[in-house]
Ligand SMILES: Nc1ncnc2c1ncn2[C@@H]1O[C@H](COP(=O)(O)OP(=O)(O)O)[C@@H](O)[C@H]1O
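Take a look at this single chain in structure tokens; it is the form predicted on its own.
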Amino acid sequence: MAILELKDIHKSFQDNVVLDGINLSVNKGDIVGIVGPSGTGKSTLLRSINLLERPEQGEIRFEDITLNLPLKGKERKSVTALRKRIGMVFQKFYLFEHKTALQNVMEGLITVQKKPKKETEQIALDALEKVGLKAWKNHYPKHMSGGQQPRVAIARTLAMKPDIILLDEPTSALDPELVTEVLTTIKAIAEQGYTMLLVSHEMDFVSKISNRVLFLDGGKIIEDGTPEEVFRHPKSDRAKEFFDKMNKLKEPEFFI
């Protein structure tokens, strides 16, 4: 059963068409990997789902919430309701530098969900424990490694108990040795049954964690299938060309 449906989503930035008639249905428990060349609308697609970007046309359905685009003033309450149920982990994490890891995770629970402080603290501690950072609860972001900061951002999202988690290239700003640390955390969360949409250039990881993969190019979904179908047997020439280039990059340049 679909938990999220997008119908005919269009988004442009001036004359640049970024999303060109996107249709997508996501079932509860799906782990959807979103791949493709840079600049083809992957991040914009995620940001349009929770209306951080406002598409000019289309429809978003999330369980009992329906939003027709462009939005009208009376639908603002529905946008707020949607965002409360969809969590997002950004590329830059956006942690508060003047707050500890625990305080960062508690922030949304207090300001958005209006939970009492005692309850909030326990929820935040549980979320930090899930990402292996409970012992770092009193550390500030500047005292944490590049691999720990995105894990705090993930814990902050988990604490809100979202129905869907959107992850926008959570490892793109990390050194290679820290990438595995974060990907291991994401894998553990996926195994708990969350519905997730993940934009990533980590193709091997996407192929292993996802039950479904989308390939975007030119603002359109041109491949949609299992990891085996999309990565190993793509139907479109554009996807074949892209994956061929990715595979060549893995090959050693020199042999000794």
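Every value quoted in this text rests on a predicted model; they were computed, and no experiment measured them. Counting begins at 1, following the sequence as shown.
What follows is about the form predicted in complex with the ligand, which we do not show.
J.: Among the candidate residues 37, 225, 29, 218, which is the single one with a non-hydrogen atom no more than 4.5 Å from the ligand in the predicted complex?
T.: That would be 37.
J.: Does the 4.5 Å heavy atom contact test between residue 210 and the ligand in the predicted complex come out positive?
T.: Because no heavy atom of residue 210 falls inside 4.5 Å of the ligand in the predicted complex, the answer is no.
J.: Taking 4.5 angstroms as the cut-off for heavy atoms, does residue 16 touch the ligand in the predicted complex?
T.: Yes.
J.: Even though the ligand is not shown here, does residue 44 get within 4.5 Å of it in the predicted complex, heavy atoms only?
T.: Within the cut-off, so yes.
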